[in-house]
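In the block that follows, a single chain appears as structure tokens, in the form predicted on its own.
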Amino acid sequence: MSPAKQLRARMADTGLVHIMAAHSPLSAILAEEAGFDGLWASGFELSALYGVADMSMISMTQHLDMLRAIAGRTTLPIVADIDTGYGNAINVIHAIREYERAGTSAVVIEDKTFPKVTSLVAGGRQQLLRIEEFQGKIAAAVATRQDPDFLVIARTEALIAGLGEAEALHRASAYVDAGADMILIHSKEKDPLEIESFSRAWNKLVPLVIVPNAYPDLDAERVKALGNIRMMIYGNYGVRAAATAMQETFRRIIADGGVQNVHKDILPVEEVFRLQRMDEIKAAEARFLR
């Protein structure tokens, strides 16, 4: 079963899949061990890893390098965050070919102009493409994929841009007409009412995707009650958790004048060896080094 078919089958079996953001093979390994259904190859997280803003500063090559490295260390399906598709519909054709070859199960393309600005930043520039132009991107992605199970997910930023539910519904419907397999509806409101309202108003058979970063109170139980959301992406929790731990540990080392106190509170190096599959390397050494 291809990774893309695996992702579709998981949605069919459970009704709702949980996708954790990853920015490295190590974060992907940890997400798989925790029990997530898939991985979000996050542009935000990779931008943060490089210490730059999530404003189309990371190239497709950089993102693909990360994704290929992740695909080599996990069995989970990967949903790729490809922002605006790296250009117009012609660029999308190139991107879909490259991402599908890299082992991706799905891509999410958003209807912002290039270069994008990350959705949740206060006062950010949130400009959307003409509907017809974005339909062309979605149609190009659908026409280019080789695996019919490969998911093309259209993300509308209408709510992020403050254009309201009616415009979000209008855009989402147009993207379905262009061939989108799922619609990602995004919001920066601190409560989930805007998302719940959109979900109740959505009358298409095409299911929805959400990224509950701004509205964490919308848990799986509430999502399942809505009935048409099939994927929850936890979009930036991996890199935020990593940054939290590093900030605290680094500050303690400086404050303590050494590692004598933090040493006992962090993973032992043997656990890192386990995550690196050091036992496999040692077995290979014993078998082949002569």
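Given the structure is predicted, the values throughout are model-derived calculations rather than measurements. When you see a residue number, it is the position in the sequence shown, counting from 1.
The discussion below concerns the form predicted in complex with a small molecule, not included here.
Checked against the small molecule in the predicted complex, the residues 182, 211, 159, 107 give one hit for a heavy atom within 4.5 Å, which is 211. Of the listed positions (218, 120, 102, 206), a single one reaches within 4.5 angstroms of the small molecule by any non-hydrogen atom in the predicted complex, namely 120. Segments offered: 66-74, 218-226, 41-49, 246-254. Contacting the small molecule in the predicted complex at heavy atom distances within 4.5 Å is 41-49. Proximity of residue 155 to the small molecule in the predicted complex: non-hydrogen atoms within 4.5 Å are present. The closest non-hydrogen atom of residue 111 lies beyond 4.5 Å of the small molecule in the predicted complex. In the predicted complex, residue 235 approaches the small molecule with a heavy atom inside 4.5 Å. Not displayed here, the small molecule is approached by residue 186 to within 4.5 Å at the level of heavy atoms in the predicted complex.
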